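Okay, so here's just one chain, in structure tokens, the form predicted alone.
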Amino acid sequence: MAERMGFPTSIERVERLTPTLRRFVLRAQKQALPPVSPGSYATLEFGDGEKVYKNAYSIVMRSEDGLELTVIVRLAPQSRGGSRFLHEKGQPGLPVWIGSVANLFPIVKTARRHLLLSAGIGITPFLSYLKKMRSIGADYTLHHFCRPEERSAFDALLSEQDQTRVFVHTGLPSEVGLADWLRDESIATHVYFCGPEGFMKWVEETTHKLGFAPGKVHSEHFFVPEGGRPFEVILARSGRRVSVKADETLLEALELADVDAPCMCRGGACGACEVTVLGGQPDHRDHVLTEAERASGNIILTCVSRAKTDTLTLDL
């Protein structure tokens, strides 16, 4: 039997930040946890025996001895179970398996100035950024956007940061003048942003209109994959058929059928779960494929995308 890759941990502490935000500290049960860098995320596996959830969360902090990792989990209205399970049943002692740790959103070390833009739970990768940037004397500014009722929680999260460089807003980016602040930045500034889809789209469009070079605009898209019409997957190498329910992802259905399918971020951001499509029409929902790749219909990212046709034949 193949050895299971990853790190066994359990929940050490839970802190309620707001009605929709919980901070979880995970403690290693055996060896120290893998090294991380600002922007890293971990894929966590947990459950109650009836169902196993696999979700990716940004790592807010790794303890100096390497034995603890901290993540913040938001309870989204469209949660399909994982985040809701942690909010309702994630108590100290609950086993949590860390399957992988990776970084798709690193700090650009050669940048002369960094502008960080976040909204809601999108603050989490920047909590690790801020510690690093302050320690190396980097030139940076953070603008964070949140609902008025959550302001006190985010003020508390950022209370130990340099208050001349960190700003919390309860208005929309378009209302507080973010476009003007972006316009005033020099061409040497690198812009990083993370948050809900509406916020991401606004920043993408605004930085494009203002002429920021694509190589100086960095984002991290993590969202809850939405369900859709059920469909059936045909595995070309074995001829097996796997049903994908309306409320599960293609990747989840493959894993439930014990199919060895590649994956990493589970949020349509990294491309590691790319699989060749041999038949049927994909319903692309990722942030990785180019328009030409989407139009070809020859590949699909199984973690978020689905099918427009009743069946989809994959090279698996």
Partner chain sequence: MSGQTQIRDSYRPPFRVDNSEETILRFPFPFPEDNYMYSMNIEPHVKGGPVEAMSHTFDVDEHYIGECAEKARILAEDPKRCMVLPHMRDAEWDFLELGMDSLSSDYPEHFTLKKEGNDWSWENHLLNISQSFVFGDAATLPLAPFEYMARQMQGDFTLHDQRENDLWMDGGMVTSQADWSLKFDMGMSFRQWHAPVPKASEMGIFDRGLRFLLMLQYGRPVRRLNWTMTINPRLDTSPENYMIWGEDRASVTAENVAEKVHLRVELQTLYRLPRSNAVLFAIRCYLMPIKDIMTVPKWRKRLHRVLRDLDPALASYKGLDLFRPTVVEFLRPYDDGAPLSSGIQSV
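Computed from a predicted model, the values in this text were never measured in an experiment. Residue numbers count along the first chain shown, from 1.
Absent from the display: the form predicted in complex with its partner chain. The rest refers to it.
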* Does its partner chain come within 4.5 Å of any heavy atom of Asn103 in the predicted bound form? -> yes
* Asked: Might Cys270 be said to contact its partner chain in the predicted bound form, defining contact as any heavy atom within 4.5 Å?
  -> yes
* Asked: Does its partner chain come within 4.5 Å of any heavy atom of Pro35 in the predicted bound form?
  -> yes
* To do: Answer with yes or no whether Glu274 is in contact with its partner chain in the predicted bound form, where contact means some heavy atom within 4.5 Å.
  => yes
* Asked: Among 239-247, 162-170, 106-114, 197-205, which stretch sits within 4.5 Å of its partner chain in the predicted bound form, heavy atoms only?
  -> 106-114
* Asked: Looking at Leu289, Ala261, Ala253, Ala28, which has any heavy atom no more than 4.5 Å from its partner chain in the predicted bound form?
  -> Leu289
* To do: Please pick, from Gly215, Gly211, Pro77, Pro148, the one residue with any non-hydrogen atom lying within 4.5 angstroms of its partner chain in the predicted bound form.
  => Gly215
* **Within 4.5 Å of its partner chain in the predicted bound form, all of Met5, Lys132 and Glu293 (non-hydrogen atom)** => yes
